[in-house]
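The chain below stands alone and is given in C-alpha cells; this is the form predicted on its own.
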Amino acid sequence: MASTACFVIVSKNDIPIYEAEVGSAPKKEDLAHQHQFILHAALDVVQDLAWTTNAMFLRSVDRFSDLVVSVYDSVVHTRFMLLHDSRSDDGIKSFFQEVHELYIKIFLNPLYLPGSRITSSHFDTKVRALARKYL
C-alpha cells in the first residue's frame, strides 16, 4: 500500500461526496487539510483534460512535491481522485474501476439522492479493502 493516499469522489458540481485517507502513513490533521487543498487545486486541470480526451483514466494530472494526483472521470463527470506517492498505474486503474462499480451500485439505490454525501459504512469498508488490495 502507498504510504500516503487520499481518495475523494467529487460530484459534477465540484462538491466532495466521499473522502477517505487510505494510506498507511500516520494521520495528521494538517496533512489531511493539505491533501484536500492539493486535490481541490487539481480540479481545474481535470476539467481541462476531460474535454480533450475520451479516456476515463487520466493517470497523473498534477504533482505536488512527491505526491501525484490520479483521476478517473466517469461518464456523468463524477470524478474519482487519488492523491498518492506510488507508481503502480495498473493497480490504481484497477482500484478506480472497482470503486466506480461500487459507486454505480450506490447511485442506483432509490434512496440515494445524486450529488449527496455517501455515508454508507459498507461502501467505506469496501473502498478501504480495495485500497489495501490495489494500492
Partner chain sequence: MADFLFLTVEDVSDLWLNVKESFEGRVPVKKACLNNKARNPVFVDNLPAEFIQTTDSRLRSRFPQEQYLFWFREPYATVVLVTCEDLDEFKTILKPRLKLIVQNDEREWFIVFVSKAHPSNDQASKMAKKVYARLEADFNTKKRERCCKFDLHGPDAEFWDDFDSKMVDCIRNTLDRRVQFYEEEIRRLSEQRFTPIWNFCNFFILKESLAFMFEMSNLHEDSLREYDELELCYSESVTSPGKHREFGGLDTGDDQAALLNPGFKALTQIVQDDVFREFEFRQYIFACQAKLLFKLSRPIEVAARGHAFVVGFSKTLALHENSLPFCFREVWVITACLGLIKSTTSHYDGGAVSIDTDKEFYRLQGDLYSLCRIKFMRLAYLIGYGVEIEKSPVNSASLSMLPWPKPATWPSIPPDSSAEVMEKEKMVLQAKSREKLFDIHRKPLPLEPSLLLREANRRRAFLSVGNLSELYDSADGSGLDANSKLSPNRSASNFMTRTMSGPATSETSLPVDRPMRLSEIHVAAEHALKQTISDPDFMSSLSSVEEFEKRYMELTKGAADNYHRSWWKRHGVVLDGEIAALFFKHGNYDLAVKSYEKVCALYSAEGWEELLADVLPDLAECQKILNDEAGYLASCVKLLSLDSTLFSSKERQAFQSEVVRLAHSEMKYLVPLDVSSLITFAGSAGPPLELCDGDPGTLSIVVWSGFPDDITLESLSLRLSASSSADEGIKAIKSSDSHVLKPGRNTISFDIPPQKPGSYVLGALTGQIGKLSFRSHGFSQDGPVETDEFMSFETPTRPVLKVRKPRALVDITPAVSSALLMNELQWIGLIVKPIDYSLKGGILHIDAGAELKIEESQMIEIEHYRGDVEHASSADSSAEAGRVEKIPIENGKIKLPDWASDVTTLVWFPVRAIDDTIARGESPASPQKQSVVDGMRMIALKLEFGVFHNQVFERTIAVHFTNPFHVSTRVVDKCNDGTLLLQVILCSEVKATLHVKDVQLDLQSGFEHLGKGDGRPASSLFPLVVAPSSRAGILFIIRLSGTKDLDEVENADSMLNIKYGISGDRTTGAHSPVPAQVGDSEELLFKIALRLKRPVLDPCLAVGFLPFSTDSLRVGQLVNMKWRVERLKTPEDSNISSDEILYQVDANPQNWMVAGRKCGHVSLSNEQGSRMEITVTCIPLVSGYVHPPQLGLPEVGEVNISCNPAGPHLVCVLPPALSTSYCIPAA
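A quick note: this is a predicted structure, and the numbers were derived from the prediction, not measured. Positions refer to the first chain, counted from 1.
One more form of this protein should be noted, the form predicted together with its partner chain, which is absent from this view; the next part is about it.
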{"query": "Check all three, Asn13, Ala32 and Ala41, heavy atom within 4.5 Å of its partner chain in the model of the complex", "finding": "yes"}
{"query": "Contact label in the model of the complex: Leu135 to its partner chain, heavy atom within 4.5 Å", "finding": "no"}
{"query": "Its partner chain contact in the model of the complex: Leu67, any heavy atom under 4.5 Å", "finding": "yes"}
{"query": "Contact flag, Ser94 vs its partner chain in the model of the complex, heavy atom cut 4.5 Å", "finding": "no"}
{"query": "Residue contact check: Asp48 to its partner chain in the model of the complex, 4.5 Å heavy atom", "finding": "yes"}
{"query": "Partner-contacting position among Ser74, Ser60, Gln36, Ser88 - heavy atom within 4.5 Å of its partner chain in the model of the complex", "finding": "Gln36"}
{"query": "Any residue of 94 to 108 that, in the model of the complex, places a heavy atom within 4.5 Å of its partner chain", "finding": "none"}
